[in-house]
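Just one chain is shown here, as structure tokens, and it is the form predicted alone.
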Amino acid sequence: MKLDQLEKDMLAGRQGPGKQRCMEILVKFGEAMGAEKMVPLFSAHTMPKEPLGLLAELTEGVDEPGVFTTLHPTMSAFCLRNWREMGIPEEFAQKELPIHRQRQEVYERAGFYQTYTCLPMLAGNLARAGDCVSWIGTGLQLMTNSVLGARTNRDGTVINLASAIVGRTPYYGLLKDENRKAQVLVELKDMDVGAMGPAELGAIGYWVGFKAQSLNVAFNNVPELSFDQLRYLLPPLSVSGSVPLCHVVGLTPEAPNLEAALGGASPEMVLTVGPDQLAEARAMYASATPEADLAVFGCSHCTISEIKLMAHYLNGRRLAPGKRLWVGTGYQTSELARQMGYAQTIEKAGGVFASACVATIPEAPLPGESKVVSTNSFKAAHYITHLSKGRVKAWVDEMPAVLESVLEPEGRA
């Protein structure tokens, strides 16, 4: 692998032991992946779940990461501010708190930005089309490659952390032009996609992910969609499958037309998605009952516009006794919601804001009384169902149905 002088200095230990260890890992990994060189990163976004020993080793002697670096949400729905109100078990919290404090000391020393959100583009870390980044989180990685047109591989936590610390990553995979062309063409038929809500959009993404698996996808015949709509349509592709990139023809940066999305080649697979496929996908997480013990929003984290809609719906309403409502979002967004009065309305109704991974990855420490979870996110439903190993059932519907599943009937608030 060809290295420039700074990379050679880091590998030789002239930039400190932490960066030397990071470069050793990246060089070995890069050679295994056939990378001929490293590339500078525009930014990084890392997972605050590293083993403490590894985090200490890779940041030894580091007082600033090699590139602007933000942090993913705290994992397992463990919101540092509101875990008690969420019903997270005391035993789990007391185990996690001291570990988090030790990590936090490292992040402060090493200059990481403690954003704790899965939408770093809304918290100051906005990559541009063509920028090489190392961002963690399967859904975020797909959104980065697709909606932003920036370039990231599906880096795991070790490669991601090492890349952030040295500001370099091996040049292979989705960083290269030739690997960014769509292989699966998705044609949408007989559906008003522009009028769909999160649950229906997520169902389409979930169904396509099953079929496409690890291949790049291009959606054709999609109307103008908002950022909120795209963040429900696309992330499920990386849950039911492992799709790393999805062009939306006419919307995403690298797909001004179908020919550009496909790179001038014929697709390896063509999928037609219509009402039948939508119904099939929705049936995977259909509700057997209109009630739930816990309603979950925020996978990916809620935007301020979604919180506004929720606050308007909840105005004057209250949760039914024994029910819970989690609203997953970054501190930055929840503070804005508080400034605008939305947070107070949601909290008055009984909801709790959580700057955490509300999909409960990886330990799923759900409140013991929560046996049925409602959500508008296929990604959240998938993980909660699988990680709880059958203890908890989840169903997916649009916001009004999800909220009604935990609310007092109107007139009894």
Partner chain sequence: MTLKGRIINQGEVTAEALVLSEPFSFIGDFDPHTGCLNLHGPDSGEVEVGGKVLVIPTGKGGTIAPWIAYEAAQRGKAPAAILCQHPEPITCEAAITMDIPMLVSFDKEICKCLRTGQKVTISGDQVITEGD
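Residue numbers count along the first chain shown, from 1. Note that the structure is predicted; figures quoted are calculated from it, not measured.
The same protein also has a form predicted in complex with the partner chain, omitted here; what follows describes it.
- Heavy atoms within 4.5 Å of the partner chain in the predicted complex are found in one stretch of 37 to 45, 368 to 376, 342 to 350, 52 to 60, which is 52 to 60.
- For the residues Y172, F210, F92, Y331, the 4.5 Å heavy atom test against the partner chain in the predicted complex is passed only by Y172.
- A heavy atom within 4.5 Å of the partner chain in the predicted complex is found for one listed residue only; from L271, M191, L336, V158, this is V158.
- Using a 4.5 Å cutoff between non-hydrogen atoms, E31 counts as a contact of the partner chain in the predicted complex.
- The partner chain in the predicted complex comes within 4.5 Å of no heavy atom belonging to K393.
- The closest heavy atom approach of A401 to the partner chain in the predicted complex falls outside 4.5 Å.
- Under a 4.5 angstroms non-hydrogen atom cutoff, the partner chain in the predicted complex lacks N221 among its neighbouring residues.
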